[in-house]
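The data below hold one chain only, encoded as structure tokens and taken in the form predicted alone.
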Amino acid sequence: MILVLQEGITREEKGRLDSSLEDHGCIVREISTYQLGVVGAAGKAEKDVDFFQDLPGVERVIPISTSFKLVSRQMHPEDTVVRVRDVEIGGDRIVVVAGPCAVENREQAFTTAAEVRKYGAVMFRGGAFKPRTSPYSFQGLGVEGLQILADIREEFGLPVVTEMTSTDQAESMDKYVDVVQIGARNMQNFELLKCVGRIGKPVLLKRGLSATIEEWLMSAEYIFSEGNDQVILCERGIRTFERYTRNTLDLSAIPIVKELSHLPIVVDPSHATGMRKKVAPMARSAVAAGADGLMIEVHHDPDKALSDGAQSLYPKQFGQLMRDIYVISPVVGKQLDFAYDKKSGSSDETCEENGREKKRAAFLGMEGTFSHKACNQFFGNKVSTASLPSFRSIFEAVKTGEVDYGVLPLENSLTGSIHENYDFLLEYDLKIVGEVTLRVKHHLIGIPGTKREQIERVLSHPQVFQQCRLFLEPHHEEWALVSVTDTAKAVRLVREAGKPTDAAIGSREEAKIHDMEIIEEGIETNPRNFTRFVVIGKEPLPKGPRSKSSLIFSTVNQSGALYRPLKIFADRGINLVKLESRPIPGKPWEYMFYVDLEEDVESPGFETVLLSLEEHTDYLKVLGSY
């Protein structure tokens, strides 16, 4: 049940209420969206609803309609993010867990771990205890396998996931692994579920072979009821009459679970299909359907695997799949980050250097903007964020040390470059240390009940008006376009005015934050609307990736001047992914050239290239490698 508390209740009064609920057999959970205003209670309550209605401080009681209480979206409206060391499951990043079905020996496990980490996996999976259909099949290495997994974590920095098959393994699991997996065969082994609930480590709960979604969520409820709320659901296919695949991957479960529960969900296409060539298409489909992550079986030599070799990808196949997921992720508002672990480690080091609990990153505008989302996607929860009113103020804050990093839009796929920020990159002595690309989906937003025909004014950022040009053009005579500094501010101003004649263009998150209504969805001119954001700082991330670089240079105004520096790149096989000119202030018809290239120009092997560039340019500045 959900208890709506009386207005003005104090923390002391609420504490007494919580104690009273617990005394009567309830498990109490905060519903943080409303701070002190709402709490959830579930469990073996000894009294009926009327009793709780009469408790001091309770305004009204709302029964939870589902049989699963603690894992329901009613009890916890916001998405749960499960944290495993530096990895977050359920946030804006797609998390990929990869490794062999079973740990066969140290060499096999370490070789595979090196490969999956190279291609972007952020967690390692491998079975130490293997429940097999045949008693004569390989059953796993047991505790020796757990020790190998722990060594892999230390060597590669990858949190490890493995299956627990018996309550007798609890002590070993607690000692060696980061995430305890409950396999499909044990989904309704209730004593095992209670046990992992008491261990307290994150649990990856696989759906049973013939389990309904409700039965699956009820199994998660068992774990929650023992005090462990760090549960990750895993859809791995269910048994049907179809025989062309091992199981039938139920992708429809993803949006259903997202609606019913606040728990993150990952998908295991390897066990679902049982066939190597089917894994990649189903993995891509799972991301498109809204999964928070993937669990993929990879083996360095699958033809010799002791378990499930036929469904295990070769490392290069896994690498290609990761590239595909990288492209798909922004379409569904996510990001696959090939340098997840490197950024996390560098964040920790920066915190220690600055003597702060967390480093700080600034973004334009208010919470809910795409700049804010880009900041969250790049850093996760490793930073505290600061909202600033202008691009220049972000550059200034980084320059003075008020913040460690700034997140800035640099170019949009529909409207081109944000030239103001290119000019600031020339003006300030700061580095580009990272980048992130977001799909930008704009919505027409108004106060609840607003009709499109009532609108007279539309507020948003000028860039947004350009990105929604085709939608706005038919209304150019009836709608006044009002420019503001960011989309979140536009939504807030419309909410504060409370007029059905006003509307804003912004994101779904901004509408939700301000309790506004979406009048029209997806009004950008082209659905392939992406914005590239860069992260600026004084110094590169200590352990950050460096596969791309940005430069600025100018040349003399004579025939062939631009050709000569470009020939240097061509002769060395260096791929340029962007070339753009900008006027040089105070020098009419003279230009600076901004170049992005796929190379670490700050590496020792690139020194001769930079020297050659200096010989053929009037001015050269390295903006950063990232």
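As the structure is a prediction and not an experimental result, all values here were calculated from the model. Residue positions are given as counts along the sequence shown, with the first one as 1.
Below, we turn to the form predicted together with phosphoenolpyruvate, even though it does not appear here.
Screening H443, K334, K431, R236 for any heavy atom within 4.5 Å of phosphoenolpyruvate in the predicted complex leaves a single hit, R236. Between phosphoenolpyruvate and the residues P202, G368, G183, P302, the one pair within 4.5 Å by heavy atoms in the predicted complex involves G183. In the predicted complex, phosphoenolpyruvate sits within 4.5 Å of a heavy atom of M295. Heavy atoms of E163 reach within 4.5 Å of phosphoenolpyruvate in the predicted complex, making it an interface residue. Within this chain, E510 is remote from the site of phosphoenolpyruvate in the predicted complex, having no heavy atom within 4.5 Å. At least one heavy atom of H271 is located within 4.5 Å of phosphoenolpyruvate in the predicted complex. Contact annotation: phosphoenolpyruvate lies within 4.5 Å of heavy atoms from the stretch 263-271 in the predicted complex, the single such stretch among 76-84, 469-477, 263-271, 519-527. When contacts are defined as a non-hydrogen atom within 4.5 Å, none of R457, H461 and R492 contacts phosphoenolpyruvate in the predicted complex.
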